[in-house]
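A single chain comes next, written as C-alpha cells; it is the form predicted alone.
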Amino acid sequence: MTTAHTLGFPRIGAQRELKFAQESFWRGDITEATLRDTGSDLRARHWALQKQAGLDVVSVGDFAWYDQVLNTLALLGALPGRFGFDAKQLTLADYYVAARGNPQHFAMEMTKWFDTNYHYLVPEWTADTSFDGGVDWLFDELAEAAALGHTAKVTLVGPLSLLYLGKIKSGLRHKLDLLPKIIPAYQKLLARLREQDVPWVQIDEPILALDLDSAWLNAFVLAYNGLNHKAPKVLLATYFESVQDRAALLHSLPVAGVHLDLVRAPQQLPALLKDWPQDRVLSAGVIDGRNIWRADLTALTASLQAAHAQLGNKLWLAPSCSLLHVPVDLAAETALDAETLSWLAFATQKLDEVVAIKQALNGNGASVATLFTAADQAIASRRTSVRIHNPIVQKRLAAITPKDETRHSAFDSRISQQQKRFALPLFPTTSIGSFPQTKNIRQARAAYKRGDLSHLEYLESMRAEIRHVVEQQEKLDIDVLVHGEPERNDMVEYFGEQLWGYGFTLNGWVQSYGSRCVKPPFIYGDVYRPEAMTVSWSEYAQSLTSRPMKGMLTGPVTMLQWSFVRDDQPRSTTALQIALALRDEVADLEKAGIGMIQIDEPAFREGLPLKQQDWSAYLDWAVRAFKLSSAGIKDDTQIHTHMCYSEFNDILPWIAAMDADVITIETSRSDMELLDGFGEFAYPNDIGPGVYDIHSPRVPKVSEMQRLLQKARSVIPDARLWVNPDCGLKTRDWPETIAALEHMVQAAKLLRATVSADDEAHLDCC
C-alpha cells in the first residue's frame, strides 16, 4: 500500500495562536509555561488533522518556537557561544534572545530560506563551535505524540544543509571543517530516536538542489555513511528544485528513502527511477507546498501510474515541501465567492489531496470520487472563467518597447539635477517607509472594514496619524520624510486590494519569521490598475512639510514573490503586468509633485532560481519589470528602492542595471558585511546601508551607528552615502523608534562634522 505523509505542517495555527502567545510572552504578560501550553495545543491539533486526513504518519520536529534552524541549533547545543547560554538548560527566554537580541546581545543574522519569503536564523560557526547536545524539546514532543496515539516520523534539518547555511565567524578555513564534530552529534541524536522506537526520520537536505562543488558532494557520502550506524530508517528529503544531476549520488547513499519535489521539477522523476534501488522508498512530492491552487488530481494520478507499477508500496506520496509556506485551513474563508473558493487548497486541504491520490493508486478510487470530481470541475472553471483574461492588459503588454524601460538620462546627469532640486546635506537621513502600526491604527482599519467607521472618519483618522509621523520626523530633523503608511495593512496586500486580478483571504496567514505573519493575496487573472492607489496620501503628507516626502510603492517582483501567483502563464508575464500598473502610479505621483518615489524590491534576490544556469533568464525579466515600472519620469524625480535579508553580492550587475538613483539595503545584522561586494563591484549609484536592526527591540548607541557608518565609508564615497534603518518600522513601538532615530540622526550629524573638520584641516595644510 502506498504511504501518505507530509514534510511539515504550518506551526502558527489557523488563527495565529502561536504569534499572539509569543508576543504576550515577550511583553511579560504570560509565563513560559503558558507559552509551552499553547505550543502543545497547536501540535496536538495539527497531528489530529494529519491523522483525520488519513496520513500514515504524523510529523514531529516541524514545530519551532521561532525557526526550525534555530531549533536545530538548540537541539544540538550549537547556539553561538557569544550568548553564554547553558545549552542543556536553555530557556525559551534565552532562545528568543538569540532570535531577537536584547540590550546586551545582537540578534543572530536572519536571511531568506532558499527562494521563499520565510526567514531563518543564520548559524554562526567558529573553531570553538560544539555540538555536545542541548535541549530535549524534540523528545518531549515525541512523548506528546505517543501519548495521543500517533505514529511519528521525526523531521530534522540535515547536518550538511545546517553547515552550509551558516556563516564562518572565526577560526575556520571551511564550514566542512566542522563535519567531524557534527556527524557524531547526529549519530547520538539518531541513536536516541531509534531507542525510542521512531521508525522513520526525515532528514532535510535542500542544499542538494543547489550548485555544489565536489567538496560538498563528497561530504554527503562521508556524512551519510556515518549516520547510517544505529539510526532509524532515513528519508533524505530534497525540495525546491531538481536533483536529477545528483541521481548517481542519491542512488549510492545508504538511506531508506529519498523525497523529490515533483512540482518544481516533475521532469526529474524518470531520471531518478532509472536504476532505482529496489529496497528504497521514493517519496513523490506531487502536491504544491508553495502555492494555494487546487491540485489536478486526475492528471497527477495518471502521472504516477508508471512509478506505482515499478515501486508498489515503496512509493510514498507527499506535498512537494513543508506546508509551512501555505495557510492552514480554507474552512475559515467565509468571504470568498463559491467559484474562487473552489480553485483553492490550503494546508489542511492539501493533506486530503495527498490521501486522495494514495487511495486512487491503491485501487480505492471510489472512496475519493467526490473529491476527484470537485477537483476536475475546479480546474475546468479556472481554465474558462471570464475573470482571468483582460484584453486591455494584453494589448498594452504587447505594445511595450525598449524605450519604455529606460530613463531619459544616465545616472550622473540625473543625480546632478536631483541634488539641485533637493539640496540635501552630506549623508542624508531617511527611513524605509513604515512607522509603528499602533493599536489605534489597527482598530481604525478594522472598524472601517466592518462599516463602523465612515469613509470621512477613517480618512481623518489616518490623516491624523500621518500628521503625527511628519511632526515627529521634523522634530528629529530627518532630511527625507515618509508618511508612515498607517493606511496599509501590508506592503503587498494593500496594493493588491486595489488591483484587478488579485484575490484576498480572511485568514490566509503564513509565517515570514518568528511572530511575523503575512497574508499574501493571490493573483488569479490579468493585473490592471483601475485608479490611483497612493497619490492622495502622499500628496497630503507632502502638503505638511517643505522637506522631500517619498512616495512609497511595492515593486513588481516583490508584488509577485509575496503573492500566490497564477500558474497558467509565465511568472515573467505577470510581473510585467504588475509593472505597467505601477508605472501608472509612478507617473501620477510625479504629477502630484512627489519628487522622490521609492519602489521597494526586498524580494528581488528571493526570486533567484537555485541553479545558476537559470539566473540570467530570471534576472533579465526581473530587471526589465522594475525598469518598466520606474522609467517613465523626469530626470529630477529620484527613484529609490529597498532590499533586505538576502545575499546580493552575486547579482550586483543586475541590481546596478535596475538603475535606481538610491538603493537602501539591510546590513546591520551582518555588521556591514554585505557592503563588501558593493565596494568591490564599485556600485555606481547612491546607497543607504542600514545602520540598525529594526527587528530587534534593542536601541543601539550612537557610537555603534558611527562605527557602522565608518565601515560603510570605506566602500562607499561620501557623496553617495545615505543613512537609514535596515527596514520599515511598523513592528516597533514609538518610544524605541524615536530613541533609535534620534541616535541615527546624531550619528549622521557627527559624521558630517567630522568630514567638514577634515576638509578644513586639508585646506589649512594645503
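From 1 onward, residues are counted along the sequence shown. Between two forms, the rigid core is the largest collection of C-alphas that superpose within 1.5 Å. Model, not experiment: these values are computed from the prediction.
Same protein, other form: the form predicted in complex with a small molecule, not shown, and the subject of what follows.
- Think of it this way: in the model of the complex, the small molecule has a heavy atom of just one of P436, P548, G433, P521 within 4.5 Å, and the residue is G433.
- Residue-level contacts in the model of the complex: of P700, G61, G728, G39, one residue has a heavy atom within 4.5 Å of the small molecule, and it is G728.
- The closest non-hydrogen atom of D288 lies beyond 4.5 Å of the small molecule in the model of the complex.
- Within this chain, Q561 is remote from the site of the small molecule in the model of the complex, having no heavy atom within 4.5 Å.
- The small molecule in the model of the complex is not approached by H640, whose heavy atoms all lie more than 4.5 angstroms from it.
- Although the partner is absent here, L76 is not a contact residue: none of its heavy atoms lies within 4.5 angstroms of the small molecule in the model of the complex.
- Residue heavy atoms within 4.5 Å of the small molecule in the model of the complex occur in exactly one stretch of 728 to 736, 25 to 33, 710 to 718, 42 to 50, and that stretch is 728 to 736.
- Taking the rigid core as fixed, one finds a CA shift for E601 of 2 Å or more between this form and the one not shown.
- A displacement of 2 angstroms or greater separates the C-alpha positions of E485 between this form and the one not shown, with the rigid core held in common.
- Annotation for T72: C-alpha shift under 2 angstroms between this form and the one not shown, rigid core superposed.
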